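Only one chain is included here, represented as C-alpha cells and corresponding to the form predicted alone.
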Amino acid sequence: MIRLTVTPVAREFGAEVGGVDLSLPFDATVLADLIGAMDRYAVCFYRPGRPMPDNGHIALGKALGPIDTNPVFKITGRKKTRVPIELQDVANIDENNDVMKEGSRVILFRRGDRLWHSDMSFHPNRAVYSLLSAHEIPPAGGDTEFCDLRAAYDALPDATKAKIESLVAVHSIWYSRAVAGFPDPTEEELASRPPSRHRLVQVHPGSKRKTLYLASHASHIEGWSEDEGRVLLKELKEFATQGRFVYRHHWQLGDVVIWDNRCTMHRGTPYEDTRYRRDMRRATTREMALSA
C-alpha cells in the first residue's frame, strides 16, 4: 500500500509530504494521513518539481473540503481570465499574460498580502485550508512566512489568556488594505464584502488545541474603544510572529504549500513585482459548504 510520507521541518510546525502524486486521485488512507499531518504541523508542502496541473490542484482542494468558486470580493477593473473559477489568481500577471505595471489596482491590492493574515478571516464562512501552487517564481524574494498561532497561544501568560478568552474581533479586507496603502475602496468594492466577526480565541477542531485567531484584517475588538482594541491586536500579532513561532518557505518551481488558516497566519515577502513574474494559484477550502 502506498502511504504518504511526512518529514517535519521543525518539531511541531511545518512538514514536507511526499511519496504520493497528489495531483492524481488517492485513497482514503492517504487523505487521512494528509489531514493528520495538517492537524499536527499546520503547514505542509509538496514538492513534485513541476507545476501541478490546474485540474489536479482543484481535485486536491475538493478532496479536503468545499472550495471557492465565486469571487468573495471585487477589485474594480480586475478581469479574472487566466485560471479556472475554482482557483484564486494571486499572480502579478494580467489578462494579457503581461506583468502588471506600477499603479495597477491589483498590484496595490496584492501588496497587502505582505501583512500577517489568515485567508478569508474577513468572511463569516472562514477558510480552512489554502493550497498555493507555484507555476512561476521570481529569481529573488517572494518567500512566504507562516506563524504557529497554537504555539503562540500556549506561550501567552495566563493573565493574558484570561483577558482575551471571550473577546470578539471585527475583520475587514478593506481595513487591512488601507493599512497596506491601498487606495480608498470604491462603492462597488465596499459593497462586495462587509466586515465579519470572529472569536479571538478558538479551539482548533482537528488537534483540539486552543489557538489565537488573528489577521491584519482584524480591525478592532467588539465592545472596546477602537484605539484600545488595536493596541491589543498589535501586541498579540507581534507576540505570535516572533522567530520561535515562524517557518519561512523558500519556494521552488512546482511547490504546493497547504496551510490551515484556523491556526496560522502567513505573509508574503517582497520581490520586484513589476519586473519579475510570480504566477501563484490558490485553492481555498471553507468551513461550511458553499451555497450554489
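Each residue number is its position in the shown sequence, starting from 1. Being a predicted model, the structure only gives us computed values, none of them experimental.
Keep in mind that the form predicted together with a small molecule is not shown, yet the notes after this line are about it.
Judged against the small molecule in the predicted bound form with a 4.5 angstroms heavy atom cut-off, the residues 121, 263 and 286 are out of contact without exception.
Taking a 4.5 Å heavy atom cutoff to the small molecule in the predicted bound form, the contact residue among 127, 214, 132, 152 is 132. Between the small molecule and the residues 137, 167, 90, 83, the one pair within 4.5 Å by heavy atoms in the predicted bound form involves 90. The closest heavy atom approach of residue 189 to the small molecule in the predicted bound form falls outside 4.5 Å. Taking the partner from the other structure, the small molecule in the predicted bound form has a heavy atom within 4.5 Å of a heavy atom of residue 268. Proximity of residue 144 to the small molecule in the predicted bound form: non-hydrogen atoms within 4.5 Å are present. Remark: residue 113 counts among the residues lining the small molecule in the predicted bound form, judged by a heavy atom distance of 4.5 Å or less.
Screening 200-208, 181-189, 97-105, 113-121 for residues having heavy atoms within 4.5 Å of the small molecule in the predicted bound form returns a single hit, 113-121.
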